[in-house]
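First, one chain by itself: the form predicted alone, in structure tokens.
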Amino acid sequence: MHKEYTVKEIIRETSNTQTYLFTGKIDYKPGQFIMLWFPNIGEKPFAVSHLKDNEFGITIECKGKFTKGICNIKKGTKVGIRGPYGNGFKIENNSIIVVGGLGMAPALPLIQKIKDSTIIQGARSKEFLLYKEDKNLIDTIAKNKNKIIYCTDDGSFGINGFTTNVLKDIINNKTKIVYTCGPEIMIKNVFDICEKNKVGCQASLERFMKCGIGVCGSCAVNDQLVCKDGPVFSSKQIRKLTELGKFARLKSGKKVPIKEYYGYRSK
């Protein structure tokens, strides 16, 4: 059953992303997801990006028909939420977190808990680096003795290049684990680097979800369900996912190349 929450605040993060904050408590572990229902729009899964004792929030990229509809709602709108669902991250300090684009949103609660670690954040350009000027995040990173390395595809901020290039340079035998969230092609490359260096990986995957509880099967990757077996998968699980970075399923259930999947999601 859905529980009712009210949109308390809307924060413009970048030109195409917004954070929606809700008042209330939620029993959420970093890496899990919730099913969010908006009146006259529908229901979709989202990761919680902001998490406090009596407040939580989600960050949405306004790109497709559904999310553009959400991005037009106002403060005070009532929504329905069920969950959280799925498996979250297992927290390990002295680790590396690799995030790309909107992948910073599901990684944020993890970053707030982890210590003595390095965050590698990438985006197309400076304007798409989520939370770069968020004072709470900056203070938390410093307090937990973490450091953050920025990468942009166009070189407009930080290192000119991909997150995976930085990962190759800093990963070593002292790295406890590598966490990754973001585009699936990046995730697959991160996993391959981890395998080469014999370092464990925990990856947050994304697929179309209808039910969120393992009934409809729409979020299948090989024989695994992202909603039930994930959305966070370990190296042991990922080794069996031959579709990772190659194939995904559309809303209809049709299997397509991963690039076609992301193209469909953006419409």
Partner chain sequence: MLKQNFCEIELQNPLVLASGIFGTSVELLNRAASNGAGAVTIKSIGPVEREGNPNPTVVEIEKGLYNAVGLPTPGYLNMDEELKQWKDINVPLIASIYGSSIEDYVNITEHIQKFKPAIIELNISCPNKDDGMVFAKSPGLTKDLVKAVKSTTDIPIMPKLTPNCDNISQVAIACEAAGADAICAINTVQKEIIHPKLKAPLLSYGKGGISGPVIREIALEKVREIRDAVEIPILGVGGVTYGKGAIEMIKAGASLVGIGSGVYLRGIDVFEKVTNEMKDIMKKEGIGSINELKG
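Numbering follows the first chain given and starts at 1. Please read these numbers as outputs of a predicted model, since none were measured by experiment.
There is another form of the same protein, the form predicted in complex with its partner chain; it is not shown, and what comes next is about it.
Heavy atoms within 4.5 Å of its partner chain in the predicted bound form belong, among the stretches 26-34, 198-206, 46-54, 213-221, to residues of 213-221. Think of it this way: in the predicted bound form, its partner chain has a heavy atom of just one of 147, 115, 78, 126 within 4.5 Å, and the residue is 78. With respect to its partner chain in the predicted bound form, the three residues 2, 225 and 243 uniformly fall within 4.5 angstroms at the level of their nearest heavy atom. Although the partner is absent here, residue 69 is not a contact residue: none of its heavy atoms lies within 4.5 angstroms of its partner chain in the predicted bound form. Contact check for residue 82: a heavy atom falls within 4.5 Å of its partner chain in the predicted bound form. Proximity of residue 64 to its partner chain in the predicted bound form falls outside the 4.5 Å heavy atom cutoff. In the predicted bound form, its partner chain lies farther than 4.5 Å from every heavy atom of residue 15.
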